[in-house]
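Listed next as C-alpha cells is one chain, alone, in the form predicted alone.
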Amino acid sequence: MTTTSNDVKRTALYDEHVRLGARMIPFGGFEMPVQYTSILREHDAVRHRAGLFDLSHMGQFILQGENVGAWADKLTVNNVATIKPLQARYNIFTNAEGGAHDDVIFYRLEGRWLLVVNASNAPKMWEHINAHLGDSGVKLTNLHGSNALIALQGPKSLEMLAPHTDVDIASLKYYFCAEGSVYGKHAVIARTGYTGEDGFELFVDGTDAAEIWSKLLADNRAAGLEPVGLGARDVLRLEAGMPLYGHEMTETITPIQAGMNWAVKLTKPEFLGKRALQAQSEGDTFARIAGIVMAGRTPARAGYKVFLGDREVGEVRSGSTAPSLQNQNVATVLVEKEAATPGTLLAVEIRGTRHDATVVSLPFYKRSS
C-alpha cells in the first residue's frame, strides 16, 4: 500500500490498474478503478464468464483469543460463536439504536478470525472494536492496506482458478474457506462474493497481489476473464439485491429495515441494539427497503423522492439500468410500509416530473444454478 500526496491511499494493485488503462477514482480512502473498458462489457464478463476485482481497499482485521465468538456475539446481530472452523458468515455491527454500524463478514480460520469490513468504515470499525475489547482477552490486528483482496467472480471462476491452487476448490462449499496457495503464494481462499455469481475471494499478502493478479489475467484472458471496476460491481450487487453500506443500510437504517431480517437473531442473548431492533420488529410500522422497476427509460438515482399517489412516502437509495433484466431501470427505495408491497404502483420524481414505477420482490436477479 502507498499513500499519495493528498492522503488518498493506493492498493498493492494500483500499478496494474494503471497499466490496464483503468479510470481511477477516489473511493473509501483509496484510488480505485471504476472501469477498464466499459461497465456493460465488464458486467457481461461476470454474468457469463468471469471478472477479476481488486477489493484491497476493504478493511481486514485479525481477531485472536478463546472468546472471540462470545465477545462478537455481544456486538453483532448474527451468531458468531456457532461459526464452524473454516466457515464464513455475514453479520452486522449495530449501534445502541439498532442502526447498522457496518455490515461485515467473519471468517473463522485456524487459530484466528478474519473480519472484513467496508473500506470507508474501516477507521470507524477499528475504533469501535477497540473501544469494546475491555477484558475480553481478544487481540486485534489491523491488516487494512497491507493485505490484499482479489475476487474472481463468474460462472467460469472455478475452472479458471482450479489449475493454479493446491486447494480442492471444487469441494469448497458456499460461505466456506480454506488456506493454501495460489501460484505458490499463501492465500486464504473463500467461496464468497458480492455479485450474485459463483466465485472466490483470495486474501493474500500485498507483496504477492500483483503477481497473482497478472497471472490470473494472463492465463484466463482467452477464456473471457476481464478486470472489473467499481462501476460494474455496483450494478451487479444491485441486481443481486445485496445492500451497499451508506445506501440500503446506514447508522439510521437498521438491518430489519434493509430486509436483512434473516441475519438478525433476536433469540440471541443481549447484544448492542437488540432492544431497539426487537421493538422495531414487533411494531412492524417502519419504513423499509423495497425494489422497484421503472416504467420508462429514465433511471432513478439515489435521493430522488418517491410518491404513493400524491403523498411522498420515501426516497430512492440506489438505482441503475440492469443489463441482466433486459436493461430495465431498477432501484431500491426506502418507503413507508404500505408502499413496499410488491405490485404497488409508485412514482419517482426526476427533475420535477413524476415517472411511474412498480414495486417488485428482491432480488432483481438470481442465477439459475
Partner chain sequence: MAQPQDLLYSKEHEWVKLNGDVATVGITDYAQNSLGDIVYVELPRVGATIAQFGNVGVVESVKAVSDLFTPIGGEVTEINGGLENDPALVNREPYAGGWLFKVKLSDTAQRNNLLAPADYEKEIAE
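Remember, it's a predicted structure, so these values are computed and weren't measured experimentally. Numbering follows the first chain given and starts at 1.
Quick note: we don't show the form predicted in complex with its partner chain, though the next part is all about it.
Residue contact with its partner chain in the model of the complex: residue 335 places no heavy atom within 4.5 Å of it. Contact check for residue 234: a non-hydrogen atom falls within 4.5 Å of its partner chain in the model of the complex. Contact check for residue 61: every heavy atom lies farther than 4.5 Å from its partner chain in the model of the complex. Remark: residue 259 does not count among the residues lining its partner chain in the model of the complex, judged by a heavy atom distance of 4.5 Å or less. Comment: its partner chain is not present in this chain, but in the model of the complex one of 45, 55, 39, 340 has a heavy atom within 4.5 Å of it, namely 39.
Contact with its partner chain in the model of the complex, defined as any heavy atom within 4.5 Å, is confined among 25-33, 340-348, 61-69, 300-308 to 300-308. Contacts of stretch 318-334 with its partner chain in the model of the complex, defined by any heavy atom lying within 4.5 Å, are made by 319, 320, 321, listed in sequence order.
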